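Consider the single chain below, provided in structure tokens and representing the form predicted alone.
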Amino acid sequence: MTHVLVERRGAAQLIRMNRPDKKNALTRPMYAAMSEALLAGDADPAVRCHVFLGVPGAFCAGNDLADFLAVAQGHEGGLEVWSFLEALAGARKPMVSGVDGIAVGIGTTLNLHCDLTFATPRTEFRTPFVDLGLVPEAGSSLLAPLLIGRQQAFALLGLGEGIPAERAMAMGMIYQVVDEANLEAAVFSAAERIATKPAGALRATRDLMRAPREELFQRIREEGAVFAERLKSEEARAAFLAFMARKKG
């Protein structure tokens, strides 16, 4: 079971993270399923927009640390993560996300790639990479300073400071804050509006607005190399083990 639901809603392809018992912490099979969905949706002319959703109260709690701990202890794996990040950065069609509640790590950085992000008032965006002995991923070290400025990006990526939804909207990190009951309706309303636009003109406009893709891919590769090195560091191992001990306590 991959814990990712993929379905069509009109011209939108919905990719829903659905592992509520773990607050949508992402496993390698979940990354693989989302990569496959993005690539398939981009190849399907009937799909005009990708939509990312989680479950009530949890968009995504970040990476499953058991997976990361296995890599840190010398086991192979992790290619599914980087394949998803490249599919995300290379997506040819608009992406809309609806975020409710927990949005940690990739649960935050995924949204930096989206063209429209809606979030609920109880949402907080947080990236505790440094606290785990790691570095930012998903091209966020490039995208976050472009979107919100270097100092706000340092607070997010370096300090791991949580950013509530209203503040995220004020700084231009997300599009709109809506209440929990209206989140999915707002997301799919936006997706329907996207689907009515001339596809070629919208694609060209989107490409012009985005950071050059090769620069973004290069940054993802650079982050990935440092991330992999840090993942096997004593700092990261100690942080993961402390985290797992707290969970068991």
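Start at 1 with the first residue shown and count on from there. These numbers come from a predicted model, not from an experiment.
The next section is about a form of this same protein that is not shown, the form predicted in complex with a small molecule.
Looking at the small molecule in the predicted bound form, residues Glu7, Ser35 and Gly90 place no heavy atom within 4.5 Å of it. Here the chain stands alone, but in the predicted bound form its contact with the small molecule, taken as any heavy atom within 4.5 Å, falls in 120-128 among 156-164, 120-128, 172-180, 91-99. Proximity to the small molecule in the predicted bound form, taken as a non-hydrogen atom within 4.5 angstroms, holds for one residue of Arg237, Arg230, Lys23, Arg16, which is Lys23. This chain appears without its partner; in the predicted bound form, the one residue of Leu39, Ala186, Ala195, Leu65 with a heavy atom within 4.5 Å of the small molecule is Leu65.
Residue contact with the small molecule in the predicted bound form: Gly105 places a heavy atom within 4.5 Å of it. None of the heavy atoms of Leu110 is located within 4.5 Å of the small molecule in the predicted bound form. Under a 4.5 angstroms non-hydrogen atom cutoff, the small molecule in the predicted bound form has Leu132 among its neighbouring residues. Contact check for Ala61: a heavy atom falls within 4.5 Å of the small molecule in the predicted bound form.
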